[in-house]
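Subsequent text provides structure tokens for two forms of one protein chain, presented individually as structure 1 and structure 2.
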Structure 1
């Protein structure tokens, strides 16, 4: 390889001076941005009562805790140990299936409601600004209030049990999916819609034959994504008494049943993994491998 030809020193100095001037302003902006972030972090640290000393002192507790919840499985008789570790498996599996069914029914009901409302919230299908605005704001409220807050209120109104979880998930999902769906609808190709309304179709017929075929696969994909999220959410809804495995898990943590904590946590993680994998397969099939995200 040839060695590089050096520029004459005065030209190099001039060029590097120009380069420094050009990068200086960008660097100043970056530094200013970093300073703002650091100041905000300091403020947030004060608000969140960050105590680095307690953290440093007690970080040992974290590893100790992880050590304590490690499965009590030895090498002498591993199979018996695993049996003892998962002593409550049938009951836990029943609770886990309850959790998944809660997520399923909540996603389905919320999906149906979001589906119906998304067309009313789309600017390209609905003329009335008032109707659109009302639907959008309503969806926003459903979306912003977390499902566990709905569950807290519903537990008082409907009594303890998984039905509360289903309703809470359904309402939150309506808001989340309604918004995503309406964004999909707003981005469709408008020519089929024009074609149908030109040949005298009613609004419902236009939606059915011009809009639905374009958006259905995207809707299904978003719905499956939401289902994944809801399975995770449903696992903790039991914390407030809304059914599923959460109640059992909270009991295990609060009562320091260490082996149970790791056993149930393992089950939850495994379930979430399996559902993630399955829905990813289905989604890839639905929207085609080239546009899969």
Structure 2
């Protein structure tokens, strides 16, 4: 084994001084950055009228409401209490399945549209700056306007019903997935694209054989994640008449049916848990082989 040569004392002292100076400079930059973030957070809180004292004084009302909606299940007759608690289970499950189907169809339609538009918004595939600009701005409009606003507009145009929720979710999903998909496409390895282009392949052939194999697993992962998000969003869209469990949930809140509020909320949470676990398994199967390469 070769032994390390010890530096002269003056050289070692000079290097130690440089290292200490660099470390101190990095520490000062970090502290300065944290101070700026804290100052901006304070200013944002003041501008938004965030009042911590008011929050502390009224936190008891929040916990009291949670106590009121707790399930009326006791130890003496737990089975009978659960049956009474979930007295409307068949109807709630039908409405919940409608909510899930709204989210599924909206995610599917929005995913297809986002998939098609993502390639037109990618700078490494499209040379036309005008086409990219129009596509990106269109996607921004779709994802910037809240889906509940789209639902309100469609309720006025088409009336109440699940179709309103599907359309609102589809438009918002188009904007969200279109942006995510385009960012994935812009980070691909361009060597297969350049090779196919040099051999005379058309733009569609290049996308089909050089781009899609690199991005499909990430596309599927983002789509599954968006479906999970849309299930929660579809439940809220029911508040404005878009169908599903949201309408029943809002009615229970307005009429102070506390037991129904907790029962429906429990069903929604359990559904989201199950969807999250299922989509996580699918994402792991899709991303696992890709990350192992």
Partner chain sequence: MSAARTGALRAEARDNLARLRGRYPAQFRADRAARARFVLALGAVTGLAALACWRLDVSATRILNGLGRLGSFAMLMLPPSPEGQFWTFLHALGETLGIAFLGTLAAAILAFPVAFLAARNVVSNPFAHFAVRRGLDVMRSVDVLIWALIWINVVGLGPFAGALAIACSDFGALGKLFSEAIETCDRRPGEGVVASGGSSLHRIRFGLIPGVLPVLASQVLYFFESNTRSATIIGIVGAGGIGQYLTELIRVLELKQVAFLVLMILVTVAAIDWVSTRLRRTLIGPAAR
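By rigid core we mean the largest C-alpha set that fits within 1.5 Å across both forms. Note that the structure is a prediction, hence the values are computed from the model and not measured. Positions refer to the first chain, counted from 1.
As summarised for this chain, the first structure is the form predicted in complex with its partner chain, and the second is not. Residue displacement note: residue 278 has its CA displaced by under 2 Å between structures 1 and 2 (rigid core superposed). Core-based alignment between structures 1 and 2 gives a C-alpha movement of 8.5 Å at residue 30.
For residue 62, the displacement of the CA atom between structures 1 and 2, after superposition on the rigid core, amounts to 2.6 Å. Once the rigid core is matched between structures 1 and 2, the CA atom of residue 41 is found 6.5 Å away.
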